[in-house]
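What follows is a single chain, given as structure tokens, in the form predicted alone.
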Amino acid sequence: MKSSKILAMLVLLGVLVALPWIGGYATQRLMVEVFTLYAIALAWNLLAGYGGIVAVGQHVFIGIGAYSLFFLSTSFGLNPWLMLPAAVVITALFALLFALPMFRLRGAYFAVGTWVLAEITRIAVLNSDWLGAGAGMPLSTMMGITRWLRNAGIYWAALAVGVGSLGVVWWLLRGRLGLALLSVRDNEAAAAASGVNVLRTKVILWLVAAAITGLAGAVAYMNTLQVTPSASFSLNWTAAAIFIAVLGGIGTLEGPLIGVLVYFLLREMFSSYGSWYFIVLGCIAILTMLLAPGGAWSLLTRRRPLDPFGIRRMLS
């Protein structure tokens, strides 16, 4: 049974890798959105679902990652794909710089503090002429690349972000950090008394989530070839990530995957209805929280609370 599941996953991965040869440009661009938003939602779920850290300003990392890639690639004429690791490092350093001030706040104050950080950063970028100010920056280094190679390269990068972020989160949760996260989320005082370094655990989680989000943001804006402060530092990114995590199931690895599929299905079905689209999303989110607090994954498994990797059982 296990070998058949692995074989099915490998076949699916092979089909996804071959998509540029069997699918059109529109399909590739849509899948880039799916994979990048999935990674962003997975990172938010890692913070809130496993660490108990609710961040409303997660979109700040999207802007930092995107602008890091665009500035380095455009200013120095460097291959944008090679600048993706640099975008990850810069985003993580940015997150580290503000980690201690942010973690002096708790609960709702922390959530609002992350949003304030995002707004301050957006305003700073908006008033920076060397970053293009309000007009933003184009990714001019893409000009000499053929359309097929450009779209395929961005799609493969997005696929790597989606699969890679899942692998990183799974690996972290399977280790000692996963145990520390759950203990900190449930009771910080008890976790500290048990020898868990609460601040270090939170900072590591913050940095991992920031790195994943920044990388996803960089790839997402490679797809548009233009980055602006109003778009990259938009609260809509975090709102979508929260909706996906809530809909699929907070505190599970399966939740964001289900949530992102439902999110894009709803978007394709109702986006033509204008403001009604957002009303429908809001109603679905409210109904989910009321009728199925564990999200769609809890309805599929018929069990709650969810513990797909046995972490809670290991703690007990």
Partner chain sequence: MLSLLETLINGLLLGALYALFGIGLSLSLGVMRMINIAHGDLIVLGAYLSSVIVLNTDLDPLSSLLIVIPMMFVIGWLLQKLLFNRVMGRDPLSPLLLTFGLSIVIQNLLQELFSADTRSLPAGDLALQGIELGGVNIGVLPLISAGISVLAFLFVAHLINRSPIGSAVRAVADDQETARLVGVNDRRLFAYMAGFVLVTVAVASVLYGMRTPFSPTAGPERLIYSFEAVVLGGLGNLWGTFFGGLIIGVAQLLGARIDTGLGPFFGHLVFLVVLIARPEGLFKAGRA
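Residue numbers count along the first chain shown, from 1. These numbers come from a predicted model, not from an experiment.
The form predicted together with the partner chain exists for this protein as well; it is not shown, and the discussion that follows is about that form.
A.B. asks: I'd like to know if residue 239 sits close to the partner chain in the predicted bound form, meaning any non-hydrogen atom pair within 4.5 angstroms.
C.D. replies: Result yes; residue 239 sits at the interface with the partner chain in the predicted bound form.
A.B. asks: Does residue 101 reach the partner chain in the predicted bound form if we count a contact as any heavy atom within 4.5 Å?
C.D. replies: Residue 101: contacts the partner chain in the predicted bound form.
A.B. asks: Does the partner chain come within 4.5 Å of any heavy atom of residue 246 in the predicted bound form?
C.D. replies: Residue 246 belongs to the contact set for the partner chain.
A.B. asks: With heavy atoms only and a cut-off of 4.5 Å, decide whether residue 127 touches the partner chain in the predicted bound form.
C.D. replies: Yes, residue 127 is a contact residue.
A.B. asks: If contact means any heavy atom within 4.5 Å, which of 257 to 265, 66 to 74, 32 to 40, 284 to 292 contacts the partner chain in the predicted bound form?
C.D. replies: Single hit among the candidates: 284 to 292.
A.B. asks: Heavy atom within 4.5 Å of the partner chain in the predicted bound form: which of 133, 82, 123, 93?
C.D. replies: Of 133, 82, 123, 93, the residue with a heavy atom within 4.5 Å of the partner chain in the predicted bound form is 123.
A.B. asks: Exactly one of 89, 143, 78, 116 has a non-hydrogen atom within 4.5 Å of the partner chain in the predicted bound form; which residue is it?
C.D. replies: The option sitting close enough to the partner is 116.
A.B. asks: In the predicted bound form, does every one of 44, 54 and 276 come within 4.5 Å of the partner chain, counting any heavy atom?
C.D. replies: Yes, the whole trio is in contact, each within 4.5 Å by some heavy atom.
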